[in-house]
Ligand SMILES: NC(=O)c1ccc[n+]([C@@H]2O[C@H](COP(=O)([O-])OP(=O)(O)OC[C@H]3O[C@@H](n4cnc5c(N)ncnc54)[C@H](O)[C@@H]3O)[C@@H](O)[C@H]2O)c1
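Heads up, the chain below is alone and in the form predicted on its own; it's given as structure tokens.
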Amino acid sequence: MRRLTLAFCGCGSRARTYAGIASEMPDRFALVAGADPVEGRVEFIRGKSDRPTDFKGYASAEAMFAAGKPADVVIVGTQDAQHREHAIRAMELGCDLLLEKPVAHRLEDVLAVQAAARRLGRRVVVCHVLRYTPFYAKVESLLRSGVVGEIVTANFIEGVQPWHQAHSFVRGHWSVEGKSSPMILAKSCHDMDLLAWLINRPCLAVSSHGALSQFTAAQAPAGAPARCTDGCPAASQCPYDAHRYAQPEGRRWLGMVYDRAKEATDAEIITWLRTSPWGRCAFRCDNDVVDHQVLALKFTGEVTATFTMTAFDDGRQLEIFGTKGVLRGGAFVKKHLGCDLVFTPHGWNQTAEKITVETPTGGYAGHGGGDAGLMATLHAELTGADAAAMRTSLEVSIQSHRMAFAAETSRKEGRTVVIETSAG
């Protein structure tokens, strides 16, 4: 097995997760380079390399690419709006890609990355990690076995979770569409990908509604200042009080944006919050992405689906209705029934079957084991004889992105958007 060299374009939370997993597969991967404006993040990647003295660190993606081809594979983990530039430049230097989702923040940029990959003959794996989880692999296996019969309709829900919404999509990197991506793409292109994969048919049309309702100045508690650290009279009752970042669960989230979250004292964290975006009142930010959105989708063969993204629930849920039965699963089923999936066949006197899926419990159980699952198959995906067999190739991922962009157009323009199924 030929070792693939890996370079990290952006060394944030996601890249560091992949670096940690890859470092445990020394027969497959060698970590050789990293680029990030924050030196400590590059040094973290260096620390995971088995050749740290040869590891090359750079202060920017541009500096890394200016030095020539950095590795066999570049892991692009920069911000959404930078993906097009960094992905195409890496491919032009002869690198294959592991590309964080979304592929890019605008449809024209997604198509430009696709065109470059085709022109240059490069392989691109998109980080739709949920396809690699034991849970969704089981769902896909059940559907392909025919247990539910022909799929007629489906209902998917993504509960973003209120604190997550405030952290990432109100205070955080994905809060302003013009600087990042629309919510349906930034957060829910996973779900668009799952719908496309599990239904296994082209999507023909999308209709969507949604809005930003809660995280606005109109909903701010009386007397709330611009920053939680300025002394808010509602702090003790507010679920979004930034002082919660100093608590154990809050530090887990803080570690995604503040590199010293684990070792910093409470006082240091509060000092950092006084000037950080994450110290702002969650009702007085510059956010404009929606906090709830619904979609109605039509697929070929008269198959239909609905999808709900809401800040005000926690976890993903699915219902798939077939001609032979109904498959339900996700967070609600797990919490209330103690299993992962329930299959209920049609007909009188039928017994529902509870199905439990084993999920990794080790250090890389993130995304339900999908992060580790993705890295476990990455080498084979990039070196296998048949590029068309790649599970989350760029070509496969295009449909989910088209669905998301169509949904956002529908939401803004108040009309059903038809998707061109013949588009490449």
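Note that this is a predicted model, so its numbers are computed, not measured. One-based numbering along the sequence shown.
Here the subject shifts to the form predicted in complex with the named molecule, a form of this protein not shown in this document.
Please tell me which of A372, A35, I45, L378 lies within 4.5 Å of the named molecule in the predicted bound form, judged by heavy atoms.
None of the other options qualify; the answer is A35.
Tell me, out of K101, R244, R122, R131, which residue has a non-hydrogen atom within 4.5 angstroms of the named molecule in the predicted bound form.
If I apply the 4.5 Å criterion carefully, the residue I get is K101.
Even though the named molecule is not shown here, does C11 get within 4.5 Å of it in the predicted bound form, heavy atoms only?
Yes.
With the cut-off set at 4.5 Å between non-hydrogen atoms, does L31 touch the named molecule in the predicted bound form?
L31 lies outside the contact set for the named molecule.
Do P182 and the named molecule share at least one heavy atom pair within 4.5 Å in the predicted bound form?
Flag for P182 set to no.
Heavy atom to heavy atom, is D80 within 4.5 Å of the named molecule in the predicted bound form?
Result yes; D80 sits at the interface with the named molecule in the predicted bound form.
So which stretch, 23 to 31, 54 to 62, 351 to 359, 389 to 397, is the one near the named molecule in the predicted bound form (non-hydrogen atoms, 4.5 Å)?
Result for this chain: 54 to 62.
Within 240 to 266, the residues that have a heavy atom no more than 4.5 Å from the named molecule in the predicted bound form:
Counting only heavy atoms within 4.5 Å of the named molecule in the predicted bound form, the single contacting residue of 240 to 266 is M256.
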